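The structure tokens that follow cover one protein chain in two forms, given apart as structure 1 and structure 2.
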Structure 1
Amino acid sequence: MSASYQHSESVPEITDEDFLKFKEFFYRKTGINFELTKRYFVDKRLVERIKATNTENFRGYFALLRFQPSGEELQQLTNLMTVNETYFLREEYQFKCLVNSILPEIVQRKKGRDPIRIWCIPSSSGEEPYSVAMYLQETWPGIADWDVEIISSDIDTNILRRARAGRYSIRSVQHMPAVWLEKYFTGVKNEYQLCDDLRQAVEFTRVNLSEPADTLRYRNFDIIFCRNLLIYFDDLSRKTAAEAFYEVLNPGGYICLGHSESMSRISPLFKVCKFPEAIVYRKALEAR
């Protein structure tokens, strides 16, 4: 038996038509459209999952992906196809959008001196809500005039404990300007400890987004950051989460999703809104 034959037996083949079939299905489900240039990247991950699920070939695997009642495999695969890591200032263009476009709009409409309320979910280990706080502190002149409340939630209490502690690896802070790093962190052995002032700026809470009773106390928010979470939810959980966000937001409030996510796969409840830095979504001003 030749070596090449052994090889072709051990690696499941993805034909051009298989690739197109998968590409269309994945686009429909997630809104992510793989160009042909991504073929190698996609094939490699499909083969990995075919092996891990013992489905033998593309056909068997695709049937699992398409028909599995729990939708677990689709979740697994989405995880592999998207880069799901968190670090300070990830997807920074959205923070720029927050400061340059969203906040000026919100401030203009605010009556009285109520605080501006921002909800970051999932909190994960805290990089995102702390990035928001830091970004506002460093780049938003309005911070001198306005109170800002940042609340960050997660379903996982262990990760919330880590978020509150505010201790990070070098990898987590690698995209931060040196001056900010020096100003807000102290080096502790191989890690960085976030300063108390910033740790105090964010309130961490536990929330299950799919449970309406959990989100009942969250109201009157101006901005929600919900990045790279809903893409992993099944259809009904996405729908429920979007309805929760609708209650959470003030009329005219904004939602920022992750870079590879689109509201077109989630919910019709919000308007598409284009700013120079990003596309975000908005609860209609006249909504009640």
Structure 2
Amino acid sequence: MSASYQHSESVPEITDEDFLKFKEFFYRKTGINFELTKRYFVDKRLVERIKATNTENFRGYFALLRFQPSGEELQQLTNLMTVNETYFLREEYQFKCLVNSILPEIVQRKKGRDPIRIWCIPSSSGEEPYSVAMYLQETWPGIADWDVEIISSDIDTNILRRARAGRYSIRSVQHMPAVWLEKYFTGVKNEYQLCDDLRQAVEFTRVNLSEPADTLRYRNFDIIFCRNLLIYFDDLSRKTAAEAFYEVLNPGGYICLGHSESMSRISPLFKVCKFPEAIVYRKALEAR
């Protein structure tokens, strides 16, 4: 028998051929490419959804994924397959760069009183966009003079609901200054509830970067935070994402990636900017 996820007759079998078929399908739909090292992770979640949908085997379940008009099951599976590992003030040096280096340049070029627009993708459970809002409120003097819009997006609808709820574990807030924690959170049992004012400062939306139609309405942003997402993409999907980001940004806009990611290895569309606090990437002031 070929290598497969099968421990007993009650567990649906995922064959090598099934895995490859699903891998290709999921890649086309989401841009996420699962390597063989993720086989156990993928098989386990496929089996979970096969059982939940009473489709008995992979063949029936795969047909449901491909042909269900609503796409509801594909979304359910996508929610299971995406990784959401984050915490408040993660890679804080980029927030310092935002306040000390990026925003002064953005403000200098702004015409009239257009708002400063920031896009965080993926949102995960909301720690990153809420960190941005908090950091601006606490450390940027310009927050008193400028309207800032923060949009945060993810492909996972369950995680977006969690982000909107704004309730976090002790681990999520472990790097938060005590004074900020007291100011913006209320303790609820073993969790922390974010205050309404900060929750209302961020708009959460569902976006699939691999679907061009999803990003069409996202334009005129000044800054994008896309940290630790592109590591799950292959070269083609990264290039597609870079092109989408280029269209989303205003001329001279900036994109911040995760510490192990480099736009220089993905696309020539952006210029490297080495600020004292961090390396980020900028769209040219003149359009292509």
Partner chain sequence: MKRILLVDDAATVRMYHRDILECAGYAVEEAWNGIEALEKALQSPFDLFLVDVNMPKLDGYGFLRELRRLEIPQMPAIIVSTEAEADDQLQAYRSGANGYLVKPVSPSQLLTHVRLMLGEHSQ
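If you superpose the two forms and keep the largest set of C-alpha atoms that fall within 1.5 Å, you have the rigid core. One-based numbering along structure 1's sequence throughout. Everything numeric here is computed off the predicted structure, so don't read it as measured data.
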Checklist entry - Pick one: is 1 or 2 the form predicted in complex with the partner chain? => result 1
Checklist entry - On a core-based superposition, does Q76 travel 2 Å or more at its Cα between the two structures? => result yes
Checklist entry - When the two forms are laid on each other by their rigid core, does I279 show a Cα shift of 2 Å or more between the two structures? => result no
Checklist entry - With the core lined up, does the C-alpha of I50 move 2 Å or more between the two structures? => result yes
Checklist entry - Once the rigid core is matched, what's the CA displacement of T37 between the two structures in angstrom? => result 23.2
